[in-house]
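First, one chain by itself in structure tokens, the form predicted alone.
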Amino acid sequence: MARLTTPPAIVILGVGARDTARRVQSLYDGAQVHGLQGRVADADVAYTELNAHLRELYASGTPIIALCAAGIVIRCVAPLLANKGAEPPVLAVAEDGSAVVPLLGGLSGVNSMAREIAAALDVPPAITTSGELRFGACVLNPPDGYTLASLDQGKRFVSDLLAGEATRIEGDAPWLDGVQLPLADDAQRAIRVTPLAWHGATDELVIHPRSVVVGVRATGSGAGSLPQRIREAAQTHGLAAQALAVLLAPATLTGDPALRQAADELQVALRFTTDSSLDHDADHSAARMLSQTLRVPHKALDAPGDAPIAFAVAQAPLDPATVGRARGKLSVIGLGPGDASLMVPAARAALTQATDILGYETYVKMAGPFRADQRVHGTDNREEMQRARHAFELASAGRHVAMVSSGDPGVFAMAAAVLEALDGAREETQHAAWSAVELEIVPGVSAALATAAQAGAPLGHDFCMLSLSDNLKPWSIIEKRLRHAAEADLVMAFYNPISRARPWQLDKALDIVREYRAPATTVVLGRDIGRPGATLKTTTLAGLKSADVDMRTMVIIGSSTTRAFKPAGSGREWVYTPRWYE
């Protein structure tokens, strides 16, 4: 099975490809079927325009399995083709599953995917790569944990083999055992598998196992940037920068941005010690930190006892998860109003990357489906602070937590509770651990914005958002704010307008607004916008009844300038608030 860091997008244009798409989807954990809006009602992700959607997927590095003509896919992504070594796998599959054509991504496993999909559909894959056809595998696509020293040199090397040259293999390369390479013990050319640097020899193909851990005990000691100092130290030991797999540091440096920047620049995993004795020993060396933390057979390279940088070379490619622990991350995300197409890509990425998903049970279900290895923690809607604290406890243990809200997490949702929990921890023992967590707030499309977009642009001028729930603030405050907003002629969006426990409050709020607004003031009611069964209604302040509203309704009350109209020849009504003011 091809190992993909990002689940593929299976893109279809109509319902005729749906059955084949679901068969392909079963091959890859986390894969989603992307369907054209208006044609495919039950797709996991809806899109509106194929060209733009395929380009967005390609640019984000997402593997693409498009169930349509190969020519369509080629024309869509052609303007983005540049770096062969960086392109994701792209395949075209016939709607009926009768053909599987790998198009792009020969160095990222597209032919392996083609074979897997073709086997599942019981058809031969249409592989045309010369090296694959001759040798039975792509020599320039080593498995996960290995990387080429030079792609350009690799191309020349394979061309020589295709022209009749023989090769020998030096080092451990078990994935080449079944490949029909022209092998000879006395061959001048060699495939070398080594963590040592390639020095430019043209008669060898060098493949680096990502088996080297670099330990640093401080980020600011020495001249030059941290990545530069690490590269120079690796060069001193003859190590290739591409062989680096993990950057290991004391847990006390978890929040140091220089470490994150160095790991990103070196393209390695960032991990931290789990031995608390090392964290509190200011005199420990980087070499001691490595020897105490690594739990796999390795060779430590010579380094002075107090060296700030040290290296250890494992016997095989390293799984970073076996070295120390990760810096925890908490992503607070908004799902949008419910329609998957209205969830921002950053929120979807956070869900894909998360090890744990927390949230109100209803919203957690909206965020699914999830992989078998992801932990789901659904709670009652009233347990916000307990949920936030739980999220920090998980993240401070090195996990990546996605805290889900509907709409936007910063609008009457979990972002404020998360920050309140972090602020409140300043006087507690967990403060240091929680503060070290990487925290991000990912915006979403709020219910007010989604409803406004369906109606037109009622929030086109100054507006405010008010919650009519008095669970977390007294009703007297709500009344005061209603009066000020109504008197200021602001468009008002009401969240939590009514419930069984508060059946009287909407009428009371409307009584206040009617003291300042004309009976003909335009009102928009959006119920379940972005979800199945959504309804949109335009009425007036005089015509608005509390019976028209429930807890799932967004109420937008216009200003004195808000207008509703129907264009000539159209049955559709639009509502907008002009950007000018008389």
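Here the structure is a predicted model, which is why all the values come from computation and not from measurement. The numbering used is simple: start at 1 and walk along the sequence shown.
The form predicted in complex with a small molecule is left out here; the points below concern that form.
Student: Phe463 near the small molecule in the predicted bound form, any heavy atom under 4.5 Å?
Tutor: Judged by the heavy-atom cut-off of 4.5 Å, Phe463 is well away from the small molecule in the predicted bound form.
Student: Is there a non-hydrogen atom of Phe272 within 4.5 angstroms of a non-hydrogen atom of the small molecule in the predicted bound form?
Tutor: Contact check for Phe272: no, nothing within 4.5 Å of the small molecule in the predicted bound form.
Student: Whether Gly526 contacts the small molecule in the predicted bound form should be assessed with a 4.5 Å heavy atom distance threshold; does it?
Tutor: Flag for Gly526 set to yes.
Student: With heavy atoms only and a cut-off of 4.5 Å, decide whether Thr293 touches the small molecule in the predicted bound form.
Tutor: Thr293: no contact with the small molecule in the predicted bound form.
Student: Which of Gln505, Ser112, Ser446, Thr254 has a heavy atom within 4.5 Å of the small molecule in the predicted bound form?
Tutor: After the contact test, the surviving option is Ser446.
Student: Looking at Val411, Ile230, Leu266, Leu482 here, can you tell me which has any non-hydrogen atom within 4.5 angstroms of the small molecule in the predicted bound form?
Tutor: Here the answer is residue option Val411.
Student: Please name which of the stretches 446-454, 119-127, 174-182, 101-109 has residues with heavy atoms lying within 4.5 Å of the small molecule in the predicted bound form.
Tutor: Flagged stretch: 446-454.
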